[in-house]
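Coming up is one lone chain in structure tokens, specifically the form predicted on its own.
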Amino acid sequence: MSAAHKVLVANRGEIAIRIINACRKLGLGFVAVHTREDMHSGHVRHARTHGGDGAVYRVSSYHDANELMAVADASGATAIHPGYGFFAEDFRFARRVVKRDRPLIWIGPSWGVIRELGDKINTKRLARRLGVPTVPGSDRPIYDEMEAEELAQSLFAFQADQGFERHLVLLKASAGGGGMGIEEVERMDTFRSTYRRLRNYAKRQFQDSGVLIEQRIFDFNHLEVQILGNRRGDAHVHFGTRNCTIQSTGRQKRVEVAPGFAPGELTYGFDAGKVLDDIVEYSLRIAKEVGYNSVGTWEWIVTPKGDPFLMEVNTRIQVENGISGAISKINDEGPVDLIKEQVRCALGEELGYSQDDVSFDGLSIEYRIIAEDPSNRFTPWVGRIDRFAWEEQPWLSVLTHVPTDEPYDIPTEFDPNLALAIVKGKDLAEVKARGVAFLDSLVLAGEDRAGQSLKSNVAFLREKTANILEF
């Protein structure tokens, strides 16, 4: 890998800081961008401190591909890291990056892989072909009423077999999007009329009457598998599992734990160790089939009976990659910086180790600290942060773009995410105790324009810590 590489960090906030740190560890140049609203963000200060004024460019929007390309050319960048969100899973942008007149290295899966796995129906078909269990339902639009009814009956039977208290089947217009064209059916005797109504709606609205029929599963655990592939996509390792079941009412993650279950410390109604082994094997099976060539996350749901089903593949670095790195070692050295590994492989270095060289130790929790009101459907809070501090600990890492030495106005243009706190412990009892100790030591204060005190999810996070990894 050449130190002459320079990475354009095409993102903001804490992920931009983490990418910059990975570049610094590898001796790489970098350039960061920011909008007018983000000029006081910590990622801007971090880039300027470690790269000088020439490492910071202002853009009008993080969503403007032309501006990002212009910054890459003006700064002499040779690669782009999209972080998460924005362009991270946009195969068209990734394709443009590598096919332009002055090609750049895309630090992520190749655009063809993003396109293949970004299509959930295509991913479901691929998984089924490989014998990987997926959420029951159709993997193609259903146009025939009798076929639709047979499928719905099988889904209701599945729910009865799993012992779900509430039975529900989802009907989705296959050509819809953005939440449009979705109906819920609770009983078979209303299925036909709902199916017909949705078909007619889809025909009028989208010029396609196809309907997807899917399972709705309640009371599940949400697990993930972290995988890394080399640039050629012919060598793969995994960095364990995570549990992301603690979420907001809008299904947004709030607490993540690695590994995904604790079979040695908690009792489950199924063989939790086998479930973890199975979802890792299934995920690697797909990664090898498609030649996955970067960091990626395989998302799973596990039912109360211990049956795992693949939901989707996230073809990017995840917010919670840090807890997988925290419990991982390569050749007995850890923690592992997964962003560093992703960048290193993207720039052409060999993986340099096999699965036998990767080991795991302890548990790790990630708290997403957010200015929001959990008692009011997690409504975002907007205002000024006046005080933000915590007690430094050897088992704690706090990742934030919020300055701790001066007031900070939360930009209204973005989600009010304030920080990620990663806590490490040797076992479940220790990591929970340390998590509570951190949250209790946290100083977070501010007010909005009306003089009302800051609202945050810290108390919610503390409450949920008591039952992490329980099912």
Partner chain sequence: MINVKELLEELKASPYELIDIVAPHTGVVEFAVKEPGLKVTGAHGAYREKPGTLIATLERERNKKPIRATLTGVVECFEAGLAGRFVEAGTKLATIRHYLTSKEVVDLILKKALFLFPAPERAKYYFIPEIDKKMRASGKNAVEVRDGMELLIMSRMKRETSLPYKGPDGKIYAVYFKLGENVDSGHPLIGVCPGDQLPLVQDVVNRVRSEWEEHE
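Numbering follows the first chain given and starts at 1. Nothing here was measured: the structure is a model prediction, and the numbers come from that model.
Same protein, other form: the form predicted together with the partner chain, not shown, and the subject of what follows.
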property: Answer option from R204, R232, R100, R197, heavy atom within 4.5 Å of the partner chain in the predicted bound form; result: R100
property: Proximity to the partner chain in the predicted bound form, single hit among E149, D271, D73, D361 (heavy atom within 4.5 Å); result: D73
property: Interface membership of V31, the partner chain in the predicted bound form, 4.5 Å heavy atom rule; result: no
property: The partner chain contact in the predicted bound form: G118, any heavy atom under 4.5 Å; result: no
property: Contact test in the predicted bound form: L168 vs the partner chain, heavy atoms, 4.5 Å; result: no
property: P411: touches the partner chain in the predicted bound form, heavy atom cutoff 4.5 angstroms; result: yes
property: The partner chain in the predicted bound form: contacting segment from 439 to 447, 39 to 47, 426 to 434, 403 to 411, heavy atom within 4.5 Å; result: 403 to 411
property: Residues from 45 to 76 in contact with the partner chain (non-hydrogen atom within 4.5 Å) in the predicted bound form; result: V56, Y57, R58, V59, S60, D64, N66, E67, M69, A70, V71, D73, A74
